[in-house]
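Shown here is one chain on its own, the form predicted on its own, set out as structure tokens.
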Amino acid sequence: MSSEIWQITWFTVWASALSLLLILPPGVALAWLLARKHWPGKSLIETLVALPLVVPPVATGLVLLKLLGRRGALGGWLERTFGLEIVFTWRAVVVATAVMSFPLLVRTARVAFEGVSPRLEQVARTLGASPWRVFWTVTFPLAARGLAAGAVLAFARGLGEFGATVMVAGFIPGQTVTLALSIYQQVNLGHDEAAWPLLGVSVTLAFGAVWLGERLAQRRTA
């Protein structure tokens, strides 16, 4: 492969991995709350979390563009306070990838937590364990494979993200170009031959991530 393809591949993997690290703590916490707790407005939160899965990615990207732009509520505040520009930078790629991967992580992690018997947690509490200790010694180890499967699938989702990314990050060579954006650009320019190697790398990475996620999920079920 050419150095350009290597650079695009590395950036795509790096952005997906960074976005996964950003969504893991809040995603696991929210999944546990949805699986174990009941509170007013829970159904509303569930709906909001699932929206990126059913709304067109470009619509999600448009919302992010308005929110994170210089005139946006969050984007303007970040630029005034920390001097950070989000839109049309590598940060926009990470944010868009994180937003699109978050629902998949939460849904898979929630199923993993729901698969842990509450009776085991109750037994641990009756033996004097604190809620925090119960989570780390009982709940988390039993749900670990499911959580890992969710993380891998979220990472795979990030590798193929296109719609939201192209809206909020654009196509800036060497800065915001991912595999999906590069494939689209090459085909759009009529360079189908240049798109095939990119397609092969994209499919290989996605296949490996999905296969690993399915293997983890199957072992958990077994």
Partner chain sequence: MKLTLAGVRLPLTPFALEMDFQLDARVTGIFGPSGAGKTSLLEIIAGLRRPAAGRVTLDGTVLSDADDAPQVFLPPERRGIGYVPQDGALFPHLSVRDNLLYGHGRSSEKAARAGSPDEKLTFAHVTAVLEISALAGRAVGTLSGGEQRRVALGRALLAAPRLLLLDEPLAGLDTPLRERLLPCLARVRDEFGVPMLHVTHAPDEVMELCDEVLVLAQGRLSQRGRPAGLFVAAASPRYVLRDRMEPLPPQG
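Numbering follows the first chain given and starts at 1. As the structure is a prediction and not an experimental result, all values here were calculated from the model.
There is another form of this protein, the form predicted together with its partner chain, and it is not shown here; the text below is about that form.
Contact with its partner chain, judged by heavy atoms within 4.5 Å in the predicted complex, is confined among 101-109, 146-154, 124-132, 78-86 to 124-132. Taking the partner from elsewhere, residue 74 is found to have every heavy atom lying beyond 4.5 Å of its partner chain in the predicted complex.
Proximity of 120, 137 and 142 to its partner chain in the predicted complex is complete: all three residues have a non-hydrogen atom within 4.5 angstroms.
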